[in-house]
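Encoded as structure tokens, the following chain is the form predicted on its own, with no partner shown.
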């Protein structure tokens, strides 16, 4: 593929002096394409877990935020009398030691309301399951649980009688009378007495696969529709934590919910322009749920572990090399949790959670965006221990963040690559947050890459329409189109690039810290961006083996801004051609398919196109979305016109 030197999307087409030809060499198959080439990356940013993918509607359900009543407000009509207090004696769960005490004098219902995550999204007539651990301290009061709309309309309520002096789980179903995206949950004491409350929960009955306490069905469906080859989790910078005390510790995320220890999310305070003081991690979405999600959507799990380093953009805190033992043991125990037999120490934990069979994890990442000699030293300690016990496991090493956004970036990345070519981790992770022009100009980045070293994982990338971390970045068609151009180069170089994923994955429209994001949601709806549909076009049309492509002819003064890759789907018996036209004019090309079996006369075209500024939204979720059409007159040589500003996927069948 020839290098593109023209600025993306600013090319003026000139009339061709010779026909533009795209040749596909179907009889010269190249590298096998990794089944994991196109995947997804989850990080709990933008309220991606609590308030997003994890379907729990109650914020601060165990009153263990540093401000224990954050998310809760006192409900006391003018004639109500009572007190609220946070207590710690004889808690329901030592890992979450706070609980709420409500004392009512019975002059009127008295209690608290929970605001949820920028409200609670509820749908008319659907069931929402309330539960809480409750005990009576004195008197014989009852509890009333209610849902109210943002405008104060009662949506449904139910009374919970027979409260005893021992912690007991009380449950009820609420069915709201109308749909509301910003409802609130009320818990009111009726009658004289004192009641303790903990582990308050409200879950929609309709979750992914209708699992109690599960994930939002609409958000998981968008992931499943991508048919991802892998899921990288749990991040991202939260793996490191701004300080080691706030790092992601997977053992705190498994087992019963009440045993999972809350921690502040590092995106709570990262950006002055987007503070989120109520952003904490409950770990209701923990490592078991991540592995289960991978299994559900057919993705290989790729967990990333802390390597004894806090985020180097923050504290740069390091664990001394001679004190890495507990960190290494956590990694080994994680592998046993995922892959060990049900009678092993950590396999037994997995089995108790409902999955006696191993999850079959075959790769693990050591560190996230670390750099420098101190990272290499710690990587070596982890690699030696993991390979000694699990020699078949593939290790993923990092090259730091994007070279443009961390200190001395290019030199640091060159240093790390020099180390990895010696130490030979199986896969090395590269990140790119650049402007749209960079992505098109670097579609040939891996054409001349070293074929003898580790394989490449493009583990985070997204075109930034304004600049990295700018709140004004947009998920428009221009950014998505530039990513499509770049992705043709990843596919053409499948012998080098074995994995890739866009980042970040989710953003809540009312609670985001970073933009752009692949999928946006509010409390009731979710939609894919144009970038999402580009990812889907590639991942659902991956193919098994690369076929060479070659452009020839065309204008002599201004080469068309076109990019292409091709593959063969061996099971379907089809040639898959992807063409990106970043220009403002249609491009008509002569397609020459050499060495193919006899082609079927009709094929399928999947086309994405639109105005460069076009964006999807909650109101117009498919403003930029693929359009399918039948292609007639398919022959070994035929002409096809590619629309302006478009990604086109052609699937051409071969006769058996």
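Computed from a predicted structure; not experimentally measured. Residue numbers count along the first chain shown, from 1.
The same protein also has a form predicted in complex with a small molecule, omitted here; what follows describes it.
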Quiz item: Are any of the heavy atoms in residue 306 no more than 4.5 Å from a heavy atom of the small molecule in the predicted bound form?
Solution: no
Quiz item: Taking heavy atoms only, is residue 228 within 4.5 angstroms of the small molecule in the predicted bound form?
Solution: no
Quiz prompt | Distance check, residue 170 to the small molecule in the predicted bound form, heavy atom within 4.5 Å | solution = no
Practice problem: Examine residue 460 and determine whether its closest non-hydrogen atom to the small molecule in the predicted bound form is within 4.5 angstroms. | Solution: yes
Quiz item: Which listed residue (535, 368, 479, 282) meets the criterion of a heavy atom within 4.5 Å of the small molecule in the predicted bound form?
Solution: 368
Quiz item: Out of 431, 144, 455, 434, which one falls within 4.5 Å of the small molecule in the predicted bound form, going by heavy atoms?
Solution: 431
Quiz prompt | Proximity to the small molecule in the predicted bound form (heavy atom, within 4.5 Å), stretch among 377 to 385, 114 to 122, 582 to 590, 497 to 505 | solution = 497 to 505
